[in-house]
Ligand code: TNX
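Given as structure tokens, the chain that follows is alone and in the form predicted on its own.
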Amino acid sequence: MKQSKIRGMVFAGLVLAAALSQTGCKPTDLSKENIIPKPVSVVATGSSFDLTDQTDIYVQGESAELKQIGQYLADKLNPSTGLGIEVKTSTEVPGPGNIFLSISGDDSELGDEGYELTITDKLVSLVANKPAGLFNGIQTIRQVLPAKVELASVQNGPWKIATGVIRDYPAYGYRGSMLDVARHFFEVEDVKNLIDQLAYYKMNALHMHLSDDQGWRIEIKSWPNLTAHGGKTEVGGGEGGYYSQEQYADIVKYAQDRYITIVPEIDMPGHTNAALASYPELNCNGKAPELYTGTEVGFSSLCTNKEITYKFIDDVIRELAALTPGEYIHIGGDESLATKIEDYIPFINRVQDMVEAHGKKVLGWDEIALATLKPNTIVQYWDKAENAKKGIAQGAKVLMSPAKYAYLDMKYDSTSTYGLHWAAYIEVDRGYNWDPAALEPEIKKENIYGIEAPLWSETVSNRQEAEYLIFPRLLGYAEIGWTPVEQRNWDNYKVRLADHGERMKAQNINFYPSKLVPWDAQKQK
């Protein structure tokens, strides 16, 4: 009798297993989820958690900031799932079937941006030292759900999350992109859209190139003609545009809510034709040049020996610093070919003093290392490693943006619809396969502030065109900035990237379908 019962139980178990395998309800493997950036540690436990119409998001305590993070997640999940997930507060771990967000503050390995995500069949628990870590963990929760969770309309479930534990934290403190809004102007909504994508891939900085020869894009109330005249055109002669201070503040707040810092750049002493055209007194000859709609560089310069120039710069930095909560103001300093070196060096030295006087720190392109750098200055390596090394010798950190690997405006290959190729062709594998700490022997990890992928906009005039160059390469730069180098591998990455093709489609991103990525193989899975 005993043996027949056991045989019957075994048979029933086999039948159940077969049924589960046919209905797709078998336990899932968290280690096989295609998360970008790749987490530091993933331990799978072979089961799954179900999001249902009984699921809610609980946040620890009454923190308004935690409630906002919880609401952000609910707002991302509800349109596609239709589950009506609500955000609630609790001092204790909630009952089964829910998501719990909490702050511990005592896990030194996680730092300010790391998190630990524990998923059981009963509960999704996300814990971090700081709110920024919770926000990063939320992006992982989104990515371990099916790609259709990113759609704006209700989709059929089930909504399963594989169980296990993810511990994760970034390799570099600064992980960003740059958007050139001076060559071509991008509206507020376009900038916000890019901020959302940066957040999705755990990047934490957006550098905005706000002025150049072709346009001045930020309202300066003490010098109104900068935008009234200098902002009215762009490359190719389009109508241009600019951000009012209220619009800029709105962008800054939108980014802050997503734990992204806006780094504003006013390029000087070169790349200044829009300013020179707006105010003739900034020119050594007192005459304003015509507005410029071409793409040449290196022909313009502020008059570095006139006091009005420094009054102008001080006013601009003062107004911009008041609008910018981030630590850094970017002063440009690149390609100042029309400024003699004997004028350039004292100019950069004096401008650094102004930035510091307004409570900010200096960030500049690698040429600024020719001057005497202030403490805490960041040198952005784009062109000459020698300049970056000069910065390091003065105690500066280096922001890594080498044009031949990290410039998003470079073409993928000779057939690319948009982009330039003066630095290199940057296919998706080339953009991924480099290590900031191994590019130059003298630039070591301890010298590096972080990584930034700039998009210069000479060849792109709207969001769709910009996305073609930004995506999918941005995902690789996000991983370079976040994931330990020893865990990065192109063959593994390209499979995960292929899975994100469906996520990018769900978010209406116009990405370049590189032939090096097995998009179709992932679609057929």
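This one's a predicted model, so the numbers in the text were calculated from it and none came from an experiment. Throughout, we count residues from 1 along the sequence that is shown.
Note that the form predicted together with the ligand isn't included here; everything after this is about it.
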With the cut-off set at 4.5 Å between non-hydrogen atoms, does Lys130 touch the ligand in the model of the complex?
-> no
Are any of the heavy atoms in Asp334 no more than 4.5 Å from a heavy atom of the ligand in the model of the complex?
-> yes
Is the gap between Glu452 and the ligand in the model of the complex 4.5 Å or less for some heavy atom pair?
-> no
Partner contact for Trp216 in the model of the complex: the ligand, 4.5 angstroms, heavy atom = no
Assert contact residue (the ligand, in the model of the complex, non-hydrogen atom within 4.5 Å, options Asp29, Glu458, Glu465, Asp50) equals Glu458
So which of Phe186, Trp382, Phe312, Tyr200 gets a non-hydrogen atom within 4.5 Å of the ligand in the model of the complex?
-> Trp382
Spot the stretch among 416-424, 368-376, 282-290, 85-93 with residues whose non-hydrogen atoms come within 4.5 Å of the ligand in the model of the complex.
-> 416-424
The ligand in the model of the complex: contacted by all of Arg175, Ala438 and Glu479, heavy atom 4.5 Å = no
Checked 240-278 against the ligand in the model of the complex; residues with a heavy atom within 4.5 Å, sequence order, are His271
